[in-house]
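Just the one chain here, laid out as structure tokens, in the form predicted alone.
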């Protein structure tokens, strides 16, 4: 029997390419006479019964935008038994036969909980952190380019004065973003944990402040150090001026790259095709240059 109603939600931090992912799922549903429903506000939407039918009008002009047209969020309520039961009840009430979940590691844990309670789920890796066991996650490429572009703009100005910069980079506990950006901007001045060696960092900065290098750019993985305090310390010890920068949400906003648009779109389509072939309860993402399915438990990098 062909499925009639499938739902999709975006959960956790938004990632560029989520809207293309929704569009890919929608197109595959259209081709197979399936109604696709969006759940607003992530897992909270399951609890609050926020289901809307996705159509061309909703998608018009927004499929290649950043963010999520369905909104996203992190739901503490979903972890509580009474609210989780409401979510299950609402899925049943809306006659949802399978659920696609786009998000990171927290979203994946939610998918596992739903699966364990009889819901047919497909998880798609939508997170800029790249902290799942796929080659890339949807949004990582765009975030990398956003960060590199921002740092290039900052250093263009600071180099006019010979100032250094201490720049905070997202990534949670995963170092993929900061490492990739560091390679792209050609810096090895990285702070990736709270127990970093300040003396070694100072020595490295001084070795590059010899008139033969560009002004030093220090990248700090979020929560590893306070960028304002570190800037002040480096300025004092290295005798050059440093400017602190927190890039914030600019890292994961804006227009998705061509890579993330294509990745999201093809992953969205693949999720529907997997459901139609009765292959549920897995995550689908890039392994090398091919979309592959993995058991949900085998997708956690940490």
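Since the structure is predicted, the reported quantities are computational estimates derived from the model, not experimental observations. Positions refer to the first chain, counted from 1.
The form predicted in complex with 6-O-phosphono-beta-D-fructofuranose (F6P) exists for this protein as well; it is not shown, and the discussion that follows is about that form.
- Picking from 225 to 233, 93 to 101, 80 to 88, 164 to 172 the stretch near 6-O-phosphono-beta-D-fructofuranose (F6P) in the predicted bound form, with a 4.5 Å limit on heavy atoms, gives 164 to 172.
- Contact annotation: residue 252 falls within 4.5 Å of 6-O-phosphono-beta-D-fructofuranose (F6P) in the predicted bound form, judged by heavy atom distances.
- Using a 4.5 angstroms threshold between heavy atoms, residue 128 counts as touching 6-O-phosphono-beta-D-fructofuranose (F6P) in the predicted bound form.
- Using a 4.5 angstroms limit between non-hydrogen atoms, residue 13 touches 6-O-phosphono-beta-D-fructofuranose (F6P) in the predicted bound form.
- Within 4.5 Å of any heavy atom of 6-O-phosphono-beta-D-fructofuranose (F6P) in the predicted bound form lies no heavy atom of residue 115.
- None of 109, 74, 192, 71 but one reaches within 4.5 angstroms of 6-O-phosphono-beta-D-fructofuranose (F6P) in the predicted bound form through a heavy atom, and that residue is 74.
- Applying a 4.5 Å heavy atom cutoff to 6-O-phosphono-beta-D-fructofuranose (F6P) in the predicted bound form picks out no residue from 42 to 67.
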